[in-house]
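In structure tokens, one chain follows: the form predicted on its own.
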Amino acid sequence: MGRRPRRRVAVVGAGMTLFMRRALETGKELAYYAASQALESAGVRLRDVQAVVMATAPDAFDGVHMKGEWLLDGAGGVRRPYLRAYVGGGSGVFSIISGWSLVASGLCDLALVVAEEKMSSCQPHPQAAFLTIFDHILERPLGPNLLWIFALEQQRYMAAYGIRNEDIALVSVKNKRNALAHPCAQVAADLTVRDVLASEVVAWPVHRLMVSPVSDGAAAVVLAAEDLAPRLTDRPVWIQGVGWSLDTSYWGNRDLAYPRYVERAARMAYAMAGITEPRRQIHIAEPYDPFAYKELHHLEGLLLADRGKAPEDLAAGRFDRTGELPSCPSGGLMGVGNPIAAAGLMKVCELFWQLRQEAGARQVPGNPERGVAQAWGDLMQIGTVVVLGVR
């Protein structure tokens, strides 16, 4: 993957809806609202858009087969090149990678990327949509669900490095507090470690307040080619690097203590961005945090902390909004919410606003010039990474 893109691509607009437990709007309407905000932010009209990318997770959430096509009207994809990006929880960041490839290759100059999820339509609980993703012979007879296997992964992570559950709970405290400053947040709160550990155990060692919520919502960005972007805005945010990697679906064959697939995706994105020292050259991180431990796991996979040492960095304040490397200044999935595909693109929107100094009360101090967003999904097997910067 040593080849360079034909031309540079910038994010020139972004928008998102409220994230909420049960939206009255349809999925098409959520997609429309986010897309409309992004277009308005970029100062362009839908008729100017030459291609649309839609990210949305399992069809079972909405009970509509070929859900991408169903959402096309709301996302503005009618009668123009349109594609669906779908790699489970990694879909949101993979959607901007897909849009980037269309523009960087020269196929189009202006692309709209939309990510939507309406999980409340799935009854009695969206977890049911995941029961059929496991191997028919080796895994399904055990009756696993996603909460159980993530609990196994957290347990392995803690055992490998001697991490306490109190260390993990600090992620929930930080992110839910950060989300108090986010106008779209669903579950922002001012909590203590004691509050988190007093919440119900859903699958040991995972407590209820260590799990992101079921959410409805949408996010969108507008991408422009390098010769067009400066004509649309004097503050384009450039896509400096992209990377993605999938590991085997046989998750039981991997050491769950470390996400090597995230490291591979990060190294691909960093090489494209010219990053040789990520801890010094990246100023903001938005790692994927559907569970509290995943933020720490992913910060290590992104090479932003030593293996097993991210909890120590967190406790020392390094990942606070005012710290050396602000992590999830948005509030992350733990605080803003987790409409799966939209949550990943929400992280890209956050970097866009932070790098343009438009994040309001949650703006990180100083003049950050580069950030990384990452998402993860399927059977704990995919890493998707994008690096954004002002230059």
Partner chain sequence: MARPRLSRETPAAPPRAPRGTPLSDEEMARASVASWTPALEYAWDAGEAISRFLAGLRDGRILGVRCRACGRTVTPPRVFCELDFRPMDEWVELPDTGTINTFSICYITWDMKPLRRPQIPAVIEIDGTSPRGGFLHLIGGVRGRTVEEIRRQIAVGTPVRAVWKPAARRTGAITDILHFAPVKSHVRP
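Residue numbers count along the first chain shown, from 1. Since this is a predicted model, take the numbers as computed values, not measurements.
Omitted from view is the form predicted together with the partner chain, to which the following refers.
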- Item | Complete contact of L18, R47 and L232 with the partner chain in the predicted bound form (any heavy atom, 4.5 Å) | yes
- Query: Might R177 be said to contact the partner chain in the predicted bound form, defining contact as any heavy atom within 4.5 Å?
  - Reply: no
- Message: Is Y33 near the partner chain? Define near as a heavy atom within 4.5 Å, in the predicted bound form.
- Response: yes
- Could you confirm whether A23 comes within 4.5 Å of the partner chain in the predicted bound form, counting heavy atoms only? yes
- Query: Though only this chain appears here, would Q363 touch the partner chain in the predicted bound form if you measure heavy atom gaps against 4.5 Å?
  - Reply: no
- Message: For the interface check, one of 312-320, 188-196, 297-305, 224-232 should have non-hydrogen atoms within 4.5 Å of the partner chain in the predicted bound form; which one?
- Response: 224-232
- Task: Let me know the one among A181, A203, L83, L170 whose heavy atoms come within 4.5 Å of the partner chain in the predicted bound form, would you?
- Result: A203
- Option touching the partner chain, based on a heavy atom within 4.5 Å in the predicted bound form, out of M272, L147, A104, I133: L147
- What residues in 246-262 sit within 4.5 Å of the partner chain in the predicted bound form, counting heavy atoms only? T248, Y250, W251, G252, N253, R254, D255, L256
